[in-house]
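Coming up is one lone chain in structure tokens, specifically the form predicted on its own.
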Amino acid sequence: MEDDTSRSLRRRRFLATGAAATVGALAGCNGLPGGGGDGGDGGDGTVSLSSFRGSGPLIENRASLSGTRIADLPDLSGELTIYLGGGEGGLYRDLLATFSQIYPDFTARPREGGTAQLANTIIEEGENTPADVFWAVDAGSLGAVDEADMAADLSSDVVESVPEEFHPTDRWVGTAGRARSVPYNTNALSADDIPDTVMDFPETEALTEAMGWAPTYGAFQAFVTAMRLIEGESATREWLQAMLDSGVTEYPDEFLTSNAVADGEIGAGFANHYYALRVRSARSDAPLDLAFTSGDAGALINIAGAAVVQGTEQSDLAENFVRHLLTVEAQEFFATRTFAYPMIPGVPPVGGLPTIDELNPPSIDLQELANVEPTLQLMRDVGVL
């Protein structure tokens, strides 16, 4: 087993801290603004970071944070219609409520739905769309709105604090990240059993009849789309077939996949990183750890992000709202309540995760992940779907 100093960041263990946050923290029911009666105000006119931060052992001993603070920005004032695609089970609505409590003159009117559905709605509505902001948990949907010329240019100060790969154009910007990972059962496997490249998985003896996946899940399909773009259709088809031949087990979603790993039903799986954290939040003694591949589709980092909708009459307010999503306070909200990767370097992830610049994602235009139909057809052809 690798130790902390020698292990590769590409296959880094990080869950051994065993820290457990409560499920309640994930549900956003702890420390919400107003719960302590401060409405997000520190009492001296400043905004309290505690109003945004989650709770639980994973959240303890946070390092010093740096970056733009809410106090550095103009007040939010007015009404915004926000098309909210996804939203982490309502947590994004909680953040909107926080902003409304801090700024009594600010009203957010979210319209919630699936990310692709809302992207298509904006495109179909065109110049008549009531949306001022599109905030989505999927880069492909943001890319689709951008490619339809329905996203406005953002100012450089809005995007420059976020690594360039997470705003491939300046018409939308990442707000939180999720990394592909390999949760594995530490009673069955060690980090050394997990290959550095996902293409080697079918040929790895230790993983034969030990892997699980969730092919109907959008995150998995984005991963296969990335593989198709990087490795080509033929190699992706062969990989999918080889995984079937190796006895991979199918699950409905990646949370259940991660739970199955923790239960020992399978040795390892494919899942976004935060599902393992959520399992460990509820089961601190689960024999569950994470590994990361390097530079390939298995190391993909997908993001939630925001765009100002072209033609909005609230462009200044909308852009200021996006600025607020990239403040220290909002980034701490994403890190400690959803276990997502913060997008600004001054806010570290929770749970001992490698920082986002320590991972090695593939060089890929995230907007291309919107082209999922060839992926679905390929998966149907192989019999994965």
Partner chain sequence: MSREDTGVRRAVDWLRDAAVSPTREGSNPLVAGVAVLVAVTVISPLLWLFLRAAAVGPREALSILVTPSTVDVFVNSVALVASVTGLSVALGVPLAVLTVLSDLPFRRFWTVALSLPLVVPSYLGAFAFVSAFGPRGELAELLSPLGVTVPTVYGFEGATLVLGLFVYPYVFLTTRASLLSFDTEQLEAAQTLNHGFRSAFRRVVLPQIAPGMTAGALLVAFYALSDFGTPAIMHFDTFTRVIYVQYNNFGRGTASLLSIQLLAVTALVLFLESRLGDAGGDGYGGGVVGTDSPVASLGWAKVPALAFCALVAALTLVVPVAIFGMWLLRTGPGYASAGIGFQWDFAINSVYVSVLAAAGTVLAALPIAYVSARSDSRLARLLERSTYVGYAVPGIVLALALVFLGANYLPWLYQTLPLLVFAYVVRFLPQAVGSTRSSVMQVDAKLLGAARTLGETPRGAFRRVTLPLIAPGLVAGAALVFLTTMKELPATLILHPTGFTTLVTYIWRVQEAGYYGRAALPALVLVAVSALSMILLLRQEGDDG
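Rigid core: the largest C-alpha set superposing within 1.5 Å between the two forms. Quantities reported herein were computed from a predicted structural model and do not represent experimental measurements. Residue numbers count along the first chain shown, from 1.
We do not show the form predicted in complex with its partner chain, though everything after this point is about it.
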Discussion item. When its partner chain is placed as it is in the model of the complex, are 49, 314 and 341 each within 4.5 Å of it, taking any non-hydrogen atom of the residue?
Written reply: no
Worksheet item: Which pick from 250, 149, 105, 203 sits with a heavy atom within 4.5 Å of its partner chain in the model of the complex?
Response: 250
Practice prompt. Find the only residue in 295, 110, 287, 163 having a heavy atom within 4.5 Å of its partner chain in the model of the complex.
Written response: 110
Discussion item. Considering non-hydrogen atoms and a 4.5 Å limit, does its partner chain approach residue 121 in the model of the complex?
Written reply: yes
Worksheet item: Does residue 258 make contact with its partner chain in the model of the complex, using a 4.5 Å heavy atom cut-off?
Response: no
Discussion item. Given that its partner chain is not shown alongside this chain, does residue 376 nevertheless sit within 4.5 Å of it in the model of the complex, heavy atom to heavy atom?
Written reply: yes
Worksheet item: in the model of the complex, does residue 141 have a heavy atom within 4.5 Å of its partner chain?
Response: yes
Item to complete: Using a 4.5 Å heavy atom cut-off, indicate which stretch of 304-312, 259-267, 186-194, 163-171 touches its partner chain in the model of the complex.
Response: 259-267
Practice prompt. Give, in sequence order, every residue of 273-308 that has a heavy atom within 4.5 Å of its partner chain in the model of the complex, or say none if there are no such residues.
Written response: 278, 281, 282
Fill in: Exceeds or equals 2 Å, Cα of residue 110 between the shown form and the other one, core fit
yes
Worksheet item: After superposition on the rigid core, does the Cα atom of residue 131 shift by at least 2 Å between the shown form and the other one?
Response: yes
Discussion item. Using the rigid core as the reference frame, would you say residue 256 shifts its C-alpha by 2 Å or more between the shown form and the other one?
Written reply: no
